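Below you will find one chain, with nothing else, as structure tokens; this is the form predicted alone, and questions on how it binds or moves follow later.
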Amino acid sequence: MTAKRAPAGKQSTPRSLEPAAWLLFSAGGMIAALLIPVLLVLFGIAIPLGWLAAPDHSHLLSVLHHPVTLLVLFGLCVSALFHWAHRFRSVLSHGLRLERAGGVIAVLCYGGAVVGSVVAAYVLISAW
């Protein structure tokens, strides 16, 4: 199967960033849906209620200082933030019918996700 080419002399339209936004949205939703409940059950219910033995402080600290753990936590934060940004932009644009301010809404939502990602990176690096 071959791709269609634009006729000679005609320029193709610029590509949209919408597929990248949908990719971040779906990846963030999947990662957040799989990891956040597990972490909440472990550290919010199972360990405080004594169902599982609490890890030593030194062991937990050594796990948190491992670079792979930092990457996983950073990926979790970034993907959840971009999932939120895309969902919130959709709610504002389509749910509240603010399509005319779509550009400003997109910049604010995705800009907020970028700022949150930078803050997450700073917190994780400073704690390292």
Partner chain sequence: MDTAPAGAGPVYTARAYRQPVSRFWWLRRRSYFLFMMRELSSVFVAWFVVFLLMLVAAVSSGPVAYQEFLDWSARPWVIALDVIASAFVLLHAVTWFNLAPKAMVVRLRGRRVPPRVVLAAHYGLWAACSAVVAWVILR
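All of these numbers come straight from a predicted model, not from anything done at the bench. Positions refer to the first chain, counted from 1. Here, rigid core means the biggest group of C-alpha atoms that superpose within 1.5 Å across both forms.
One more form of this protein, predicted in complex with its partner chain, exists but is not displayed; see below.
A residue is said to contact a partner when one of its heavy atoms sits within 4.5 Å of a partner heavy atom; L39 meets this definition for its partner chain in the predicted complex. Its partner chain in the predicted complex comes within 4.5 Å of a heavy atom belonging to F25. Using a 4.5 Å cutoff between non-hydrogen atoms, A120 counts as a contact of its partner chain in the predicted complex.
Using a 4.5 angstroms threshold between heavy atoms, G95 counts as touching its partner chain in the predicted complex. The candidate site formed by L61, C77 and V91 is fully in contact with its partner chain in the predicted complex, as each residue has a non-hydrogen atom within 4.5 angstroms of it. Residues are counted as partner-facing when one of their heavy atoms sits within 4.5 Å of its partner chain in the predicted complex; in 32-47 these are A32, A33, L34, L35, I36, P37, V38, L39, L40, V41, L42, F43, G44, I45, I47, in sequence order. Once both forms are fitted on their core, the CA shift for G29 between the shown form and the other one remains under 2 Å.
For F74, a C-alpha deviation below 2 angstroms is recorded between the shown form and the other one after rigid-core alignment.
Residue displacement note: H59 has its CA displaced by at least 2 Å between the shown form and the other one (rigid core superposed).
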